[in-house]
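Below are two forms of the same protein chain, given as C-alpha cells: structure 1, then structure 2.
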Structure 1
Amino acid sequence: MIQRPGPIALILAAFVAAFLLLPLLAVVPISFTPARFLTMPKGELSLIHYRDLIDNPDWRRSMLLSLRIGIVSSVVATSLALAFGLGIWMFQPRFAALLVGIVLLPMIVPPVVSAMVLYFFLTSLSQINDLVGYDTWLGVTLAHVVMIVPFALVLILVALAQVDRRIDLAARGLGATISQRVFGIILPNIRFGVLTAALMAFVLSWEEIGVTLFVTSVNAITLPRMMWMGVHDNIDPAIAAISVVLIVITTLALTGRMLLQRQHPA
C-alpha cells in the first residue's frame, strides 16, 4: 500500500521548492524591463531584450554553437558511458571498482584543475591538428565529453543495477551472442536510464562554463561564455531574457521526460 505524505510534509516540500525556485523566477520580470541595464521594470514592460536575442547575430551563433556542442557531447559521452557500463556489468572484471573510480575522477577533481589539464592538452593538440584543439568547437566538445562522462556513467550503472542478471545468464545459456544479449535484452530494460543519461549530459554540456573559459578564446563562444561576457563587460539585460528562455526549455524537457516515464515505466 502506497503511503501518501501528510500535510506537514507537503508544507515543508512547498517551502523548500519555493526557497529553490523563487530566486530563479526573479529573473522573469527583469527580462521585460525596457531599460538598458539590469533592473526591475517600473510600470512599462518591453520585449526589446527578447528581440535582441533574435536580431543580434552573436547571440544566434552562440546558441547554435552550444546546441551543436551539447548534442555531439551528449551522444559521444552517453555512448562511451554505455559501452563502459555494459562491459563492467556483463564481464565483471577483477578491478571493476578501480576502473569505475578512474572514470569518475573528473567528478572528484576540482573543476579548475580539470580545466588546466584540458587547456594544456588541447593546446598541445592544436599543434597537431587545427580542427581539434584549443578554441575550436571540436576541442570544446572533447573537453565537455571528459567532464560529463562520469555523470552519464553513474545514471547508466544505476539503471543496470535494476536489471535481473539471471535474464542475461539465461540468454547466454541458450546460446545468445553478445550483441543479441545487449540489443535484445539489456538495452530495452535500461532504455529510460540511457535517455536520462543523454538528457543529463546535454544539460551539463549546455550550461558548462568553468572549463569552457579555459579552452576557448575568440572563436568558440558558447552561450554560457557569451552570458559571462555580458555580465562581465556591460551587464547586458539580454542575459535575463536568455535565462528565461533556458528555464522554459529545461522545464519543458524535464516535464516531457517525466510524462514519458509515467506512460512507459521501466
Structure 2
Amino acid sequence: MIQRPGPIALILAAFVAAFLLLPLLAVVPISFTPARFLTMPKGELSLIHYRDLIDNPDWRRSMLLSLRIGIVSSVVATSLALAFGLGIWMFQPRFAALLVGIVLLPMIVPPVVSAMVLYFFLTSLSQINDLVGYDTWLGVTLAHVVMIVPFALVLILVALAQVDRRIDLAARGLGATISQRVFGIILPNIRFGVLTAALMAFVLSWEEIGVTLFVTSVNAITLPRMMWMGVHDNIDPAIAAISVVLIVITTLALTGRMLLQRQHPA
C-alpha cells in the first residue's frame, strides 16, 4: 500500500502546476484582441491576428521555412542518432559512455557558446560555399541538427533500453546477419520510440531560437526568429496568436505521444 501525497503536498504541487501553465494561458486572451498592440480585449474579440498569420507574406514565408528546416533537420538528426544508438546498443563499444557524452555535449554546453561555435563555423563555410553557410536555410538546418541530435539520441537510447536483449541474442545464435538483426528484430521493436524521437526533434527545431538568432540575419528568417523581431521592436499581438498555435501543436503532439505510449509501451 503506497502512501499517497497528503494535503500539503497536493496544495504545493497545485501551486507549481498553476505557475507552469500561467504564462501559456496568458497569451490566449491577448491573441483575440482587436487592437494593433499588445493588450487585453475589452468586450470585443477578434481573429485579425490569426488572419494576419495567413495573410501576411512574412509570417507565411517564415512558417514554411521553419517547416522545411524542421522536417529536414529532424530526419537527418533522427537517422544519425538512430544509427549511433544502434551501434552503441549492439556492439557496446569500449568508452561507450564517453562516446554518448560527446553526442550529448550540445545539450549540456551553454546554448550561447554553441551558438557562437556554429556562427563561426557557418560564416567560414560561407566563404567556401554560399549555399550552406551563414544565413541560409541549409546552414540553419546544419545548426539545428547539432542542437537536436542529443535529444533524439536520448529518446532512442530509452527505447533501446526496453528491448529484450535475449531476442537479439537468440537471432544471433541462429546465425542472423547484422542487417537481419537490425531490420528484423531491433527496428520493429523500437519503431514507436524512433517516431517519437523524430516528432520531438521536429518540435525542437521548429521552435529553436537560441542558436538560430546567431546564424541568421535577413534571409533565413524562421518562425521563432520572426517572433523574436516582433518581441523586440514593438510587441505585435500576432505573436500571441502564433504562440497559441504553437502551444496547441505541442500539446497535440504530446497527447499523441502519451496515447501511443499507452498502446505500445515499448
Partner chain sequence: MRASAPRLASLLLLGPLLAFLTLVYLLPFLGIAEWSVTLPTPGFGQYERLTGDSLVLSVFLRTFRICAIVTVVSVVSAYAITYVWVRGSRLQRSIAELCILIPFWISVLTRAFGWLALLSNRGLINAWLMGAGLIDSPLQLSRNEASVILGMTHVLIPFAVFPLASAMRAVDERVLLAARGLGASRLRIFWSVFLPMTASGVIGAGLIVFVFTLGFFVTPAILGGGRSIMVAELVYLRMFQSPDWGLGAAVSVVLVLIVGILMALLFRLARPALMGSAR
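Just so it is clear, the structure is predicted and the values come from calculations on it, not from any experiment. We call the rigid core the largest set of C-alpha positions that still match within 1.5 Å between the two forms. When a residue number appears, read it as a position in the sequence of structure 1, where counting begins at 1.
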| property | result |
| --- | --- |
| Correct structure when looking for the form predicted alone | 1 |
| Core superposition between the two structures, C-alpha change of Leu24 at least 2 Å | no |
| Value in Å for the CA shift of Ala13 between the two structures, taken after the core is superposed | 5.8 |
